[in-house]
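This document starts with one chain, in the form predicted on its own, laid out as structure tokens.
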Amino acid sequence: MTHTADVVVIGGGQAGLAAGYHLRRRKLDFVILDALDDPGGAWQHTWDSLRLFSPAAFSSLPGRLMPAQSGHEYPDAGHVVDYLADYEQRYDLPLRRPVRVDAVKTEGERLRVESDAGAWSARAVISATGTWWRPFLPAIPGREVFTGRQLHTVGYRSPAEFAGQRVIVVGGGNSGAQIAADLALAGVELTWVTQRPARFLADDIDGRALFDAATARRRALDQGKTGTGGVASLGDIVAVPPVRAAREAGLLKAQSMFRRLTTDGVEWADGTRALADAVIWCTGFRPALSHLAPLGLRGTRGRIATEGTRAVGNPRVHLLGYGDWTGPASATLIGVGRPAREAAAEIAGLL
């Protein structure tokens, strides 16, 4: 059976919900297809101690402020999941789940969205699948010979499962620093390694300042001016309270990247070695866009070229929430609202 809709939104996390809010305001006929069983997107699958970088009021989707979490200035992931579940109900967004989209194809003047729950014929598609589902692992020699446990950020939950073990955390971004701090503060024997020296943002900088920096950079570029350094110019790691506590206690000292894994640990460039029971790769993600492969939109470097959120190769396709290349800070709760509004406006004009 083939369903029809003016717009199909693929992904029911924060970006998909923001898109739904603005499509609803424009009274467009749309459906949101979400692969997960429950509301909350990737926030359902984060580690136990994760907290937002910003207070609740500065972590909100369009139209609905996130309520504060009692006793916490920076809400935890569970609070975000509750907020997103309430958000989709409050605005009566037409979600279908679990529906896993396999492919988007051209079908005359429309797009055919194929899934494990049937197909949808649409006049436009917003892809909002995020990156959590496509973790990146670097090509480090020895990964196949290491006999200990290897896992990515997506597989980490709490220090309890590493009690009494020697753990190496790889990655100089927020995830690497936060997981390293989580382990160190729990007394786990930790080695934290980064590709370049760890760069902490000033302690008073949180998500509010990061969003302002990202917006200022995009505004400058849109006006043809030389872009500011944006978020990257401020540093790589937000000093959230646990990270700050571990750093001030001397527990968060980054070492340079090792050159290879051995059967029982790692080896550095100078030949020295360290034993390890587990390696946690906090090495980032790539956009989960395999469903768009049939449209042939990827460029020579693998990225889909966009103007705003619109795919240059197909004006009926919009990408939302994958990072600055689809809108300043669009991978954040507060940042996705503006590009979602612009995408809905452009689609309304197209239709």
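All residue numbers are counted from 1 along the displayed sequence. Remember, predicted model here, so these are calculated numbers, not experimental data.
The same protein also exists as the form predicted in complex with a small molecule; that form is not shown, yet it is the one meant from here on.
- The candidate spot formed by A15, G41 and W133 is fully in contact with the small molecule in the predicted bound form: every one of the three has a heavy atom within 4.5 Å.
- Note on the partner interface in the predicted bound form: the residue among R100, R112, R149, R199 having a heavy atom within 4.5 angstroms of the small molecule is R100.
- Among heavy atoms of L319, none comes within 4.5 Å of the small molecule in the predicted bound form.
- Not displayed here, the small molecule is kept clear of F30 by more than 4.5 Å at the level of heavy atoms in the predicted bound form.
- Contact check for G327: every heavy atom lies farther than 4.5 Å from the small molecule in the predicted bound form.
- Remark: T191 does not count among the residues lining the small molecule in the predicted bound form, judged by a heavy atom distance of 4.5 Å or less.
- You can rule out all but one of 265-273, 92-100, 250-258, 155-163: in the predicted bound form, only 92-100 has residues with a heavy atom within 4.5 Å of the small molecule.
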